[in-house]
Ligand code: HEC
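A lone chain, given as structure tokens: the form predicted alone.
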Amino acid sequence: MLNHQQIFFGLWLSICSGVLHADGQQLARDRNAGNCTACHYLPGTENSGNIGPEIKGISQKFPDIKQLQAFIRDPALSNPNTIMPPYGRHQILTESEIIEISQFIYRL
């Protein structure tokens, strides 16, 4: 029977090896991660929100993906009145998760 240390070590190895790596689409829809669909309509997702703008055509709004990543990190820097959380500043998402999500929504 496995003890807690063995289970933790196995989980840690899985994460490090990328077995549990979530892609941007999963992160955007994950209620415990990006949770973009709580506020935004995301094509192909049931029960998407309608508080924020639809996540579609993002590359026209942010011609450089780095601008999109900066916005996800801290949207208040470009819009002080936003209600969107600062995913990077508040450490809701890691830098790699912000990159994954931005790469996914940039293609929509």
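This one's a predicted model, so the numbers in the text were calculated from it and none came from an experiment. The numbering used is simple: start at 1 and walk along the sequence shown.
What comes next is about the form predicted in complex with ligand HEC, which is not displayed.
Trainee: How about F62 - does it come within 4.5 Å of ligand HEC in the model of the complex, if we only consider non-hydrogen atoms?
Mentor: Answer yes; at least one heavy atom of F62 falls within 4.5 Å of ligand HEC in the model of the complex.
Trainee: Does the 4.5 Å heavy atom contact test between C39 and ligand HEC in the model of the complex come out positive?
Mentor: Contact check for C39: yes, within 4.5 Å of ligand HEC in the model of the complex.
Trainee: For I58, is any heavy atom within 4.5 Å of ligand HEC in the model of the complex, or not?
Mentor: Yes, I58 lies within 4.5 Å of ligand HEC in the model of the complex.
Trainee: Does I99 make contact with ligand HEC in the model of the complex, using a 4.5 Å heavy atom cut-off?
Mentor: No.
Trainee: Scan 84-103 and write down, in order along the chain, each residue with a heavy atom lying within 4.5 Å of ligand HEC in the model of the complex.
Mentor: Result: M84, P85, Y87, L93, I101.
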